[in-house]
Ligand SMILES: Cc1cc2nc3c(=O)[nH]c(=O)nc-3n(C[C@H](O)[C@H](O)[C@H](O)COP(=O)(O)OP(=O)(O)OC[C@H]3O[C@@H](n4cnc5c(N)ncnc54)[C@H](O)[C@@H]3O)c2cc1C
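Single chain ahead, by itself, as structure tokens, in the form predicted on its own.
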Amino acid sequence: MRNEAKTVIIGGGIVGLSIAYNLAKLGEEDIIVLEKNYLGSGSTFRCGTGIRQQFGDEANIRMMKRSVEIWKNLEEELGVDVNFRQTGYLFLLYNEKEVKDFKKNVELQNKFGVPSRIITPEEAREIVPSLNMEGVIAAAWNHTDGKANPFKAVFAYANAAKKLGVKIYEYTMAKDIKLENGSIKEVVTDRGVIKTRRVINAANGWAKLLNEKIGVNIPIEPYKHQGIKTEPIKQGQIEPMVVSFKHDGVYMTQEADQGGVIGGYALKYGPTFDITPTYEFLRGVSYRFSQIIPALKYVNVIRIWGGYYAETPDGNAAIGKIKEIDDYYIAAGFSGHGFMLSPAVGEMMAELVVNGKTDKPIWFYDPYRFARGELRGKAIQMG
């Protein structure tokens, strides 16, 4: 392992790897990525694969519009098909308040070029014929949303970063960050010390533990969420991500390549680093799946897993430069949105580090907003 670097990125999930790749793409050299386990082992490989632009605020809409532009061209850029498919997101709406709220969101999304719209129950059933439409009075639909394969995406970014000279060390835990007069001097790992002047904390659920080492207080806590996967069913049955908040935020979609149905709902435990799957979740998600699509009651579950949502008080990430420490940055606390946002976040962070500024709405994710009591509107979460 190298013992010196210009930049050390802590966290080998898709956010850390996207940042590393984009930094190298802008000409930065001497970059190290540290991952305490295997790449993607934290939140990325445990996510629901969804990629959507249907948010309720300008910043997330703009960031996700840019992310989708990148996702569409990622195979060409990185040389790997990451199974990105624009199969859409379909939010089922059961009362007038939901319809009113989503109409307002759609208006804002349209303003920034996202072609979402409110559709009828009949139109929703044309998109997913097996839906149980009882009680559904409308739906929000965007055909340009989609999904991708997190496993392929992580290794696509990792391999592309390596080709640009980035060094990636798996099974290497960052145990401490040493400072001197407000400047970073070294990162202490369980395999040795790396001298560096710049650290980017992309550890998501573990970001708080690193921050505490150097006196930085940003409220990020890990919460256990769980996911489920069924045996394969005939392709094309549930192409979009289908979401219902009436049924406790249940979400489901069919995998682009293997044909199984994956998803979850808004049961969470924590703060905790325990990700042991629970029978409570298995029973609850099975019931909710069959409420949305009755035929799923006859489909076998083949896998259940736990993962982390690294949550902030307003459900939006903390991204930016920490003022009290020279060249210390954070991109963490994505609250379930890290996978979908990662291409645009990688660009934004690289621009900030290299140029000292970015044209993307980084102000929205200001890490200091919590201390000021300026929380953002709660971002939509599924699961």
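Note that this is a predicted model, so its numbers are computed, not measured. Note that residue numbering follows the sequence shown and begins at 1.
There is also a form predicted in complex with the named molecule; it is not shown, and the following applies to it.
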Inset, instruction - Pick the stretch from 131-139, 286-294, 97-105, 167-175 whose residues have a heavy atom within 4.5 Å of the named molecule in the predicted complex. - result: 167-175
Inset, instruction - Scan Ser67, Asn316, Ser43, Gln54 and let me know which has any heavy atom within 4.5 Å of the named molecule in the predicted complex. - result: Ser43
Legend entry - Every residue of Ile10, Gly50 and Phe339 near the named molecule in the predicted complex, heavy atom within 4.5 Å: yes
Legend entry - 4.5 Å heavy atom contact, Pro222 and the named molecule in the predicted complex: no
Legend entry - Glu35 within 4.5 Å of the named molecule in the predicted complex, heavy atoms: yes
Inset, instruction - Indicate whether Ala203 is a 4.5 Å heavy atom neighbour of the named molecule in the predicted complex. - result: yes
Inset, instruction - Decide whether Val261 counts as a contact residue for the named molecule in the predicted complex under a heavy atom distance cut-off of 4.5 Å. - result: no
Legend entry - Residues of 127-145 having any heavy atom within 4.5 Å of the named molecule in the predicted complex, listed in sequence order: none
